[in-house]
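Listed next as structure tokens: two forms of one protein chain, kept apart as structure 1 and structure 2.
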Structure 1
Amino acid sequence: MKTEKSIITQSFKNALRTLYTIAPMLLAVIGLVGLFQTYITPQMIHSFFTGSTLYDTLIGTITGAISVGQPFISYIIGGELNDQGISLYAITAFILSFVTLGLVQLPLEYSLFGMRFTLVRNLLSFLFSILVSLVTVYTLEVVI
């Protein structure tokens, strides 16, 4: 019978092996994050918005998906967009897709979970970024 120590050692080795296997992909994703943070600036994101609520909500979702960084960055950019009169629908969609979608992490997600899972999860997250932003702002307008 295996001792507790040997089970833990084996589990630790297996966990290390898994992390070692995904290390090149993880480093690639982190490298892409740096490139995106440098080349996709808040000014560039702002230039995509037009003032049309529906179109901007869609743009908010797409720009959120290609942006990367800590969640608070999306609040700062969202706050700036709000000051410049961009609709709250678009800003909410941007904030949501910023954390739920990620163009740079797609290859890693695909390699670990497969095509079907990645496609279903990302499509649902995309649609729900729009839906949740619509119901949130609608509810807010009713409440206030």
Structure 2
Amino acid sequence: MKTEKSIITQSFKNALRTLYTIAPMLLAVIGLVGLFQTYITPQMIHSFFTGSTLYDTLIGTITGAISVGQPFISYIIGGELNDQGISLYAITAFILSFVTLGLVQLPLEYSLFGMRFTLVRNLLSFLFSILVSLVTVYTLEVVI
């Protein structure tokens, strides 16, 4: 019969083994995050939007997918884009994809969950980011 201390010790060893396994991918993700934050500025993101509903929604989804950071940062960027006159479709799509998609995290997600799960999850997140942003803003326009 295992004692409580041996169970805790074994659990700690398992946690360290898992951390050792994913550490290279974690370091790679942190490095990519630094590169994206350095080379992709908010001005570059702003220059992509034209005012077309579908185009801006698609661009908002793509820029949100390649942007990285904590989810609360997407609200700050969304507020700044709103102040610059970017359409609400693009901002909503940007925030949704910023939170649900992560092209930078793909290698880590692939190593942890496998190719099929990663591909299906990201494809569905991409499609639903577009769909939900269109429906949300359309609903707001009808209500207001």
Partner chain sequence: MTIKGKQKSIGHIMLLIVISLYLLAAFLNPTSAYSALISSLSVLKTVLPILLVVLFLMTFINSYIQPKKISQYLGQKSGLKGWLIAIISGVFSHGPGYVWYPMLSDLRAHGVKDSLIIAFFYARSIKVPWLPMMAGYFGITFTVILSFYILAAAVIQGMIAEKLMLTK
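Residue indices: 1-based, along structure 1. By rigid core we mean the largest C-alpha set that fits within 1.5 Å across both forms. Since this is a predicted model, take the numbers as computed values, not measurements.
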Only one of the two shown forms is the form predicted together with its partner chain, so please name it by number. 1
Superposed on the core, the Cα displacement of residue 85 between the two structures in Å comes to 2.7
